[in-house]
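Next comes just one chain, in structure tokens: the form predicted alone.
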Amino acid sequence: MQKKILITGGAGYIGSHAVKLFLEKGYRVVVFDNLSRGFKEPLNILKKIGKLDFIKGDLRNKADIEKVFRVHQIDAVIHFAALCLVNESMENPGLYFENNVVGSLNLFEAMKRRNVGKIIFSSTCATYGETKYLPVDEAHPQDPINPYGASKLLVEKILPWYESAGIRHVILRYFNICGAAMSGIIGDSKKPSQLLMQNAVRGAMGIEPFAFTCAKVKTPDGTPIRDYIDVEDLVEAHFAAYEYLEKNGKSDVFNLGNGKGYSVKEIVSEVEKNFGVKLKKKKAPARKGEYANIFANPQKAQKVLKWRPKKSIAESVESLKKWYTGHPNGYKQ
């Protein structure tokens, strides 16, 4: 009998790529999503790969998530469902704490009641805040400077209290996500996107104007430095984390990144090189709650999960070019 994996937020950018991977690995996937930021279209595409059930619901509504566990016998949960825009969180912090924290708590309670004992939680390097040292390892102090990062840190602090209820967890702290499925069948459809590479590729393709939204910071070229990781590499780490829990691995936390920082200008230059164009570099209002420089020390994930990213920045740009060539305006629904 196929094991069922519940993927919350599975209609979103990262979640849909995880759905694709687990289906390809032969698992049955149950997607739970309220479609406020996700899309139905990638799920319809992915149903051609394997057995996929979709339940529309909101984690803030206890009855919605209870229904999932009542109807389906779930083996493990991959928890992506969250709001994740830093600027929006600064302007509407209450929305982020209600959605990301209360929603997660409802999920954990439903898991406890149904004796579902494995969860992989999608967290973020935003829990660290301004860096005290580089590269950032899992022991780095956590002092978020925006409500998005604070909401994720609160969930991280809640999870260990469910150990006594039999729920083991893996927390994955992401750095900056880029890329799309190399096959071109699914990708990023956020409009507008807060992801630099996606916006630069769209600018290079003439889909929409490109603008810098970063403040001037104290880095060599004056633009923020981040660690970029391809979305297909990222979801491979989720599968590795699932296998780790399947083998009775203890609850733990891992940074997911390449271990190298690229500035905003360096990423834009890589896109320009790929397309053979020079982007018109307009300035837009700077985002709030951002920091200057962060990149990961991913050695723990490499050692324990046996995971390491494979795709280069150039390959991520190429996958986005393929995605936006077929879907210049993203998903239709």
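Keep in mind it's a predicted model, so treat the numbers as computed, not measured. Residue numbers run from 1 along the displayed sequence.
There is another form of this protein, the form predicted in complex with a small molecule, and it is not shown here; the text below is about that form.
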| query | finding |
| --- | --- |
| In the model of the complex, the one of 272, 58, 266, 66 near the small molecule [non-hydrogen atom within 4.5 angstroms] | 58 |
| Sole residue of 146, 123, 223, 258 within 4.5 Å of the small molecule in the model of the complex, by heavy atom | 123 |
| Site test, 11, 84 and 175 vs the small molecule in the model of the complex, non-hydrogen atom cutoff 4.5 Å | yes |
| Stretch from 44-52, 292-300, 272-280, 31-39 whose residues place a heavy atom within 4.5 Å of the small molecule in the model of the complex | 31-39 |
| Any non-hydrogen atom of residue 99 within 4.5 angstroms of the small molecule in the model of the complex | yes |
| Close approach of residue 195 to the small molecule in the model of the complex, 4.5 Å, heavy atom | yes |
| Contact label in the model of the complex: residue 242 to the small molecule, heavy atom within 4.5 Å | no |
| Contact test in the model of the complex: residue 190 vs the small molecule, heavy atoms, 4.5 Å | yes |
